[in-house]
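So here's one chain in two forms, each on its own in structure tokens, numbered structure 1 and structure 2.
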Structure 1
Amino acid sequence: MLQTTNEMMEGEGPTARQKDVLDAVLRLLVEEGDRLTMTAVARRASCSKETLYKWFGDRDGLLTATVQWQASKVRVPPVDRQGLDLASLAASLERFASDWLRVISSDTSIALNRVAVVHAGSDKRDLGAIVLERGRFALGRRLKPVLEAGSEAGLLEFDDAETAFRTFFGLVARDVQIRLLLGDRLELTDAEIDGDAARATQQFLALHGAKTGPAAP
């Protein structure tokens, strides 16, 4: 049985063949921007339009699956709520941060986000809404349980998980994404990304780490 878009992304994920299609969409977005069509995707991915419609429903469904496929590359390692310590919490946050920086600095994500911004400022708001819901908001839903686990373990202190997530997101992103979207030729090496991820994590822990012991204010 063929998967629907939601089943594909929320269940076992896309098949290898479906990943090829989604990667073809990303390449076409880099090359053609908003001029993407189902015909062009079928041609680039060497499959029929009928197959695309069965898998993704329509162009919006295809774009939704593509955004989810990009967001899925940002991993949120599971944490053991019972035995969570500061080292494992920091490692989970660093992995999320480094993955996210790698994704947003890729040519495909830059192209996708540029098209989404254009949509958001026009009558065609579909892709902008998709990127917001399946990208930023979905990542928040995935990481906030980790932050809440840190709070339950007495490692983090915050009043609201959403506010804490936004703080961490800002520390990770800084001005990187806006510079890339505006055409800055910012090239981040793997070492720089890992360093930025570690730095953002330490800054977040300095802000929200639980204060214990006699020296606590």
Structure 2
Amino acid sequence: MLQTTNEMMEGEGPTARQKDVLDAVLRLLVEEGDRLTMTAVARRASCSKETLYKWFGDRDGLLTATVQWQASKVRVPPVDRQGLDLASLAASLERFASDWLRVISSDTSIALNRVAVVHAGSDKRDLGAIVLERGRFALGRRLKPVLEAGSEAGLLEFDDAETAFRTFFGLVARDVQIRLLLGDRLELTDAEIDGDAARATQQFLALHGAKTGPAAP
């Protein structure tokens, strides 16, 4: 085992130049999928392969750094806790839903999920774990406080926030992600995404909204 320098491991974030390289990897990943080669990365990023190996250790290290770099860019916006009426709660949920749909239907996300799925099929489960942690689970951590605030405010009713979140997740994502990963061209427009987000939110509220007594017609 050679004593490689391998900066980037356990260090503070990537330098500006390294970020450029990682962005190049992202672009190549979208274009080439897992056929991406180190040579192609070096050419696209205008750097030498030697530098790639010095910075990232090996191909997996480069991929891992890329996934983390992208994950660090996707930042789910925090929710303002003030408005606790039904309208603002619904608005928050709808916002989450449309943001999430936009993320999972982006070319970058699809490409990244693909490589993570590939690696999960090998021994290394790292990439899949990172993608899950910064994607699905990060979303859950963000959304749960919102759900619980809604519950405490008497707007929502559920036994378990985790289960409620998974229901919401299912209503939002449905078959979109698996279809995209399997190559189905879904071409979601902004309008469709917003419509789906609204539908999912209404369905979720129908399932978990507090009963306010029957509204007579």
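For clarity, a rigid core is taken as the largest C-alpha set superposing within 1.5 Å between two forms. Predicted, not measured: the structure shown is a model, and the values here were computed from it. All residue numbers here refer to structure 1's sequence, counted from 1.
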{"item": "Pair member that is the form predicted on its own", "value": "1"}
{"item": "Flag for Tyr53, CA shift 2 Å or larger between structure 1 and structure 2 after aligning core", "value": "yes"}
{"item": "After fitting the core, Arg43 CA displacement of 2 Å or more between structure 1 and structure 2", "value": "yes"}
{"item": "Yes/no, Leu62 Cα shift of 2 Å or more between structure 1 and structure 2 with rigid core fixed", "value": "yes"}
{"item": "Core superposition result - C-alpha of Val21, shift between structure 1 and structure 2, Å", "value": "6.2"}
